[in-house]
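As a starting point, one isolated chain is supplied in structure tokens, in the form predicted alone.
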């Protein structure tokens, strides 16, 4: 143990399963759980929608709520849950707290997009057309709402987190980089408490369009994440949700008498070109984090995307001591929030010393080993790979 050990003291989770630590624990350990999915709004695609949320519980001012898009409200809300969970909504504590955020761009103006597409059918001068519409149809404030660092800005405004701030963009890779950077800052002594996480809102047609243009979306009847190989479409079922962590140095947590959920022992990342042996690259990351010789539980953020998920399954199966839990079977794929969410679920199970049951009994092995060291993984549907080792606090 050392003063700069990175400990996890607060968790803020929102998904189709509910909000908060206890709601997710109950949902993920329930013997009769069924997936919370919506197949009617965006056929032929399935999504995992948000639950009903009273935004005012974490964003009291209506004016603040109105000026945020849903993904910003979602992230700000989950960040508030994490701060509450860590008992850190203290003005002095938040004023010195650093923040590392994983975020995408904002939601597009669907009406303007439709207008441009309709006009393009009768106009050969597409460049001129685009310039006309950009200068006459888009509100200046819309551009502000698109900025990825608006999530960090809103968290600062609402929760008064006003230390240094960094925002990463780039699907799952941004979530991996955010957690890795936050942990590195604490381990090096540059920070002593950091809020880190991300949010994604899929219930907007342009978000689904981004996936579908790459051929990633699952079009078939819903199946668990490991069982989508060979199904119609690309295998990914997306979701709305957010995952935030409060990380502290051990010395900082002990000084305020806070018992951690767990220790974030190690975070490693890769960015395979995907033209080589992806399973081997994932295997190297796993090997660098394996907790000794005994069996390990793994909270996997596998998306279901065919190539990436098959490679991850191969890498996990090649190490017979790892029992995987693909939580996107229950929550859907959370994009920027996927890795922080995986680390949070690992911290919960370590703190309770009880493993999650199989989320897909046909594809996931039972686990009866120790739960004092758990892996969290995220293999991006297109790019970026990350693994974390979460261990029990001594």
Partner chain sequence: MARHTDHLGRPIVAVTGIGIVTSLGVGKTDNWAALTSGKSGIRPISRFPVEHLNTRIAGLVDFLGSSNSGPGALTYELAATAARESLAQAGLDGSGFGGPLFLASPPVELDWSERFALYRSSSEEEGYRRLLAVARGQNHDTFFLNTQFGTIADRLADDFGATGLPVTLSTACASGATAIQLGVEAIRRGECTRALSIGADGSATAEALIRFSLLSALSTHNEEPSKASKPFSKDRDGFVLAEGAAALVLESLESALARGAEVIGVLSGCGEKADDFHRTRSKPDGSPAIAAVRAALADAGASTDRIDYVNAHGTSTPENDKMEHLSLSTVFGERMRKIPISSNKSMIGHTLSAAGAIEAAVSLMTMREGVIPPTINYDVPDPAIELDVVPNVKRSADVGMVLSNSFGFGGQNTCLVMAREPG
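Numbering follows the first chain given and starts at 1. The term rigid core refers to the most C-alpha atoms you can superpose between the two forms while keeping them within 1.5 Å. Being a predicted model, the structure only gives us computed values, none of them experimental.
Although it is not shown, the form predicted together with its partner chain is what the next lines describe.
Flag this candidate site as yes only if 121, 181 and 269 all have a heavy atom within 4.5 Å of its partner chain in the predicted complex; otherwise mark no.
Contact check passed for all of 121, 181 and 269.
Any idea which of 382-390, 368-376, 20-28, 6-14 reaches within 4.5 Å of its partner chain in the predicted complex, heavy atoms considered?
The contacting stretch here is 382-390.
Listed residue that, although its partner chain is not shown, lies within 4.5 Å of it in the predicted complex (heavy atoms), from 260, 80, 104, 224
Checking each option against its partner chain in the predicted complex, the one that comes within 4.5 Å is 104.
Could you work out which of 84, 281, 132, 254 is the residue within 4.5 angstroms of its partner chain in the predicted complex, going by heavy atoms?
Residue within 4.5 Å of the partner: 132.
Using 4.5 Å between non-hydrogen atoms, is residue 45 touching its partner chain in the predicted complex?
Yes.
Partner contact for residue 363 in the predicted complex: its partner chain, 4.5 angstroms, heavy atom:
Outside the cut-off, so no.
Against its partner chain in the predicted complex, would residue 157 count as a contact residue? Criterion: heavy atoms within 4.5 Å.
Answer yes; at least one heavy atom of residue 157 falls within 4.5 Å of its partner chain in the predicted complex.
Do residue 319 and its partner chain share at least one heavy atom pair within 4.5 Å in the predicted complex?
Looking in the predicted complex, residue contacts with its partner chain do not include residue 319, since no heavy atom lies within 4.5 Å.
Pick out the residues of 160-179 whose heavy atoms come within 4.5 Å of its partner chain in the predicted complex.
Result: 160, 161, 162, 163, 164, 165, 166, 167, 168, 169, 170, 171, 173, 176, 177.
So, superposing on the core, is the move of residue 120 at the CA at least 2 angstroms between the shown form and the other one?
Residue 120: C-alpha displaced by 2 Å or more between the shown form and the other one.
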